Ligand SMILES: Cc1cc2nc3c(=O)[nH]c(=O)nc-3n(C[C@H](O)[C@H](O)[C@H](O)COP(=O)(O)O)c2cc1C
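Take a look at this single chain, the form predicted on its own, given in structure tokens.
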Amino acid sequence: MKPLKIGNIEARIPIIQGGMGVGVSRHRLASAVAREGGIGIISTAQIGYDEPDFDKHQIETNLYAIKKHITLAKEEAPGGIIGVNIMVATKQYDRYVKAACEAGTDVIISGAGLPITLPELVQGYPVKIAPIVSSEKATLVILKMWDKKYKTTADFIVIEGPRAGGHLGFSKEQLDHIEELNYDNEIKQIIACKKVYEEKYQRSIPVIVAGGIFDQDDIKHVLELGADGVQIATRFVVTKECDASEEYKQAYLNAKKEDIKIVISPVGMPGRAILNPFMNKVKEERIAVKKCFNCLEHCNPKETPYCITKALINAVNGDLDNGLIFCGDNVDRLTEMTTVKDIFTELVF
């Protein structure tokens, strides 16, 4: 495995740990990954959920928590690479990006929408930026816009495939027929289309593939397609260093193939999650939102089928019967608790 070079920063191991919210990947998990030579990612989604003022001042508390967890991760992994995942759909997205930059994040990975304004928001900071894309079309839209409007391009690109966890950039029909997608070809097309901008800006734009990456064979496969590295999330949940509760981790270990389902979230996007009493309940009825947590730009509390913030906080805290447990397509292959170091030992070749 070759080191992953992103501009003037270099990860010894080309593995990025995927951002998982709410609260699943914060400073403990991100710093552990960074210490092993990968890139540790903190999810900013409602990151301050367990801070004292969260119930009254969500956005301000989240901004404080972003800086807190980046600072802690950098202290725990001196010299390591720490980044954040910030959803475009986040309310006051620009303030989240600024807070991460001010805290000294090394990279920002951004999806759940098109991060068109990201280059402008990071101006003046030495941060590397990457859009999350699932198609050649989305890649071209973003790269063309950044080129035209800001005279710049991506520092790297994260391709999130149909087997990823959480929110997905695919239709329900596509996810029901994954084998028919021929996604390897889509990856090749995305890699090909970014070469125009590599030539124009005379710099490399590494491509990272995410979604369904579980073992060495998966890594070797995407590297053979032309990728420069991988992003892995699900495997890191069942580590001692993961920030989620023990009950949450156990739900991953208990999951069977038939428990992995696609749910339509209040974001309006399909997502992959573990079947549990909560998912059965939302299929039957709307769960009224008693309190709005100001998380998503396009969410109407009066109409949303349930509060995604409340569901994700319940899950990460261990209240699994009332929580939404996002997962990747290979969650059923997990068999035991492990450590970040052991995962790197297994995957690096």
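Here the structure is a predicted model, which is why all the values come from computation and not from measurement. All residue numbers are counted from 1 along the displayed sequence.
From this point on, the text means the form predicted together with the named molecule, which you will not see here.
Shown without its partner, this chain lists F156, Y248, W146, Y96 as candidates; in the predicted complex, only Y248 has a non-hydrogen atom within 4.5 angstroms of the named molecule. Of the candidates I108, I81, I274, A233, A233 is the one whose heavy atoms come within 4.5 Å of the named molecule in the predicted complex; the others do not.
Only one of 220-228, 253-261, 115-123, 162-170 places residue heavy atoms within 4.5 angstroms of the named molecule in the predicted complex, namely 162-170. Residue contact with the named molecule in the predicted complex: I132 places a heavy atom within 4.5 Å of it. The closest heavy atom approach of M20 to the named molecule in the predicted complex falls within 4.5 Å. Though the partner is left out of this view, I208 does not reach within 4.5 Å of the named molecule in the predicted complex, counting heavy atoms only.
Though the partner is left out of this view, C327 does reach within 4.5 Å of the named molecule in the predicted complex, counting heavy atoms only. Shown without its partner, the chain has N85, M87 in segment 59-97 as residues with a non-hydrogen atom within 4.5 angstroms of the named molecule in the predicted complex.
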